[in-house]
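To begin, one chain is listed below as structure tokens, in the form predicted on its own.
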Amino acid sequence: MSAVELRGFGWRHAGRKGWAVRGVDLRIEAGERVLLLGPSGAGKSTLLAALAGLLPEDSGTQEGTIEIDGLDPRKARERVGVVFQDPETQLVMARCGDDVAFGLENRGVPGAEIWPRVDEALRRVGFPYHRGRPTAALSGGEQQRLALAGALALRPGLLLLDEPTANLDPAGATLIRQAVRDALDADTTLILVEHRVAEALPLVDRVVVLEAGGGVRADGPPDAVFAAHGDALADAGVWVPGRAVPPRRAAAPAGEPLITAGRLGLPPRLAPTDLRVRAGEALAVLGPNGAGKSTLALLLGGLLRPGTGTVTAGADLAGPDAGTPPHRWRAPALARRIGSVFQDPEHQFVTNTVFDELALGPRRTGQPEAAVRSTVDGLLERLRLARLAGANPYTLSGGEARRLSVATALATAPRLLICDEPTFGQDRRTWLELVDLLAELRDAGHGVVAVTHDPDFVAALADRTVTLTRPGTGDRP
């Protein structure tokens, strides 16, 4: 059991002018189950990192105090289990079973207890593979399940979860929520950050809403908080249950094919798949974790060489490279024609500031500096990143990093945009901005492919869907 207390707590990352989180006064009793909400950039992930003891004193400036059972979190790490937005950063071993066992071994758990606890944790999160499965072979969603298993195996007094279902298919997300509900002892404290608010509410008995400018905006039982503050919270960007999002239907019928996949595959990650993406169309790629959706996105984007089948670009997309598959195009030509947004935003950041990250693509394609600045300033404003123009991309919150990764692909206005989980980590307000931007791109005659587990996104934007299945479980479309 672990109690949490914050008194005037704030944190500013080194090298940043603005505070990531500030003015938080909060007490959470042992055994409470708290859903932590707030607009993107309000400091939710920073607060969880502080509670996990993962903010070294020399990495920023702290205000106020933060304690777990009266201890500085850096001295209470053995009481805490944590799963952050990017599970890949928490995987340290080559085999799945060894990764779950790693924390137990570090804490000196007797050897006879380790493997039963590993197997129990893997079973609780619905992990579909044996202990010896290579961690490098897991999809993003499967990595999340493994990271959660590693946290649950420690039987922590305080469990911190930062969007644990963000990259999971609906069935996998349900398994994770069931695992969290079933695995917690009565006196285990839970602090959960989750944008899927309606689905998360059965797990919690209290909602705390952080204010973007600092402090706590609302605190209390879920029904009371949403009844008293629902409209204002929705306007501020919080995903309040029951607030529908408007659809963005295509302004005109789809045009000619931009890219066609014929029996495209990469064994064993992706079985042979047929699909076609047209100009002026938004295509959503759906399917369970492990079906190869991210692999398909990389193949369509010319970033992987096909193992089987072909990728053929239409004449309008290929230009002088007609007849040459995209993976053989020169890098500048590929960047101008096809934009790719990876599942992990940090995998595509290469500069030291948000502004330079956005300017890189337009500069490489030879745009005048005045046009580059105009493009960058417009994207910064639209995606609420203007205040972060000088920040290092690696210090952004998960939601901010996702918006930056999408913006870098949009900066060159590619004829085909391929996004892997484009709405991950977004509050309601920035989610709507992203959907509007993608709809505008589509309505201007560009093609959009989105790998997604977000049903609201599919309902709002997708003109057509393609559903993949795991290799060996059935034919592909």
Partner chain sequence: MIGVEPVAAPGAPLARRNPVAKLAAALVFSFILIATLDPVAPAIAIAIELAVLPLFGIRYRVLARRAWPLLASAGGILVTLVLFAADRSGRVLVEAGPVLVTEGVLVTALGLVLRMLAVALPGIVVFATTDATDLADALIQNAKAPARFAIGALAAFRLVPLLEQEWRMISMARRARGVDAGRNPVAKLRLFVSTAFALLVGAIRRGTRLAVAMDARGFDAGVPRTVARRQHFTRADALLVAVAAVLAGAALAVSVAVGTFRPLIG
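This one's a predicted model, so the numbers in the text were calculated from it and none came from an experiment. Numbering follows the first chain given and starts at 1. Take the two forms, find the largest set of C-alpha atoms that superpose within 1.5 Å, and that set is the rigid core.
In what follows, reference is made to the form predicted together with the partner chain, a form of this protein that is not presented.
Checklist entry - Is it true that T89, A101 and A331 each have at least one non-hydrogen atom within 4.5 Å of the partner chain in the predicted complex? => result Yes, the whole trio is in contact, each within 4.5 Å by some heavy atom.
Checklist entry - Which of P306, P73, P156, P326 has a heavy atom within 4.5 Å of the partner chain in the predicted complex? => result When the partner chain is considered in the predicted complex, the option within 4.5 Å is P326.
Next on the checklist: Quick check on this chain: which one of R387, R263, H347, R123 has a heavy atom within 4.5 Å of the partner chain in the predicted complex?
Outcome noted: Of the listed residues, the single hit is H347.
Next on the checklist: Can you tell me which of 377-385, 240-248, 349-357, 184-192 lies within 4.5 Å of the partner chain in the predicted complex, counting heavy atoms only?
Outcome noted: Careful reading of the contacts points to 349-357.
Checklist entry - Hey, in the predicted complex, does G111 get a heavy atom within 4.5 angstroms of the partner chain? => result Yes, G111 lies within 4.5 Å of the partner chain in the predicted complex.
Checklist entry - Looking at the partner-bound form in the predicted complex, is R107 within 4.5 Å of the partner chain by any heavy atom? => result Heavy-atom contact with the partner chain at 4.5 Å: present for R107.
Next on the checklist: How about L54 - does it come within 4.5 Å of the partner chain in the predicted complex, if we only consider non-hydrogen atoms?
Outcome noted: Yes, L54 is a contact residue.
Checklist entry - For A391, is any heavy atom within 4.5 Å of the partner chain in the predicted complex, or not? => result Result no; A391 lies far from the partner chain in the predicted complex.
Item to check | Core-aligned C-alpha movement of T310 between this form and the one not shown reaching 2 Å | outcome: Stays below the 2 Å threshold, so no.
Item to check | Residue shift check between this form and the one not shown, rigid core fit, G301 Cα at least 2 Å | outcome: Stays below the 2 Å threshold, so no.
Item to check | Yes/no, P414 Cα shift of 2 Å or more between this form and the one not shown with rigid core fixed | outcome: No, P414 moves less than 2 Å.
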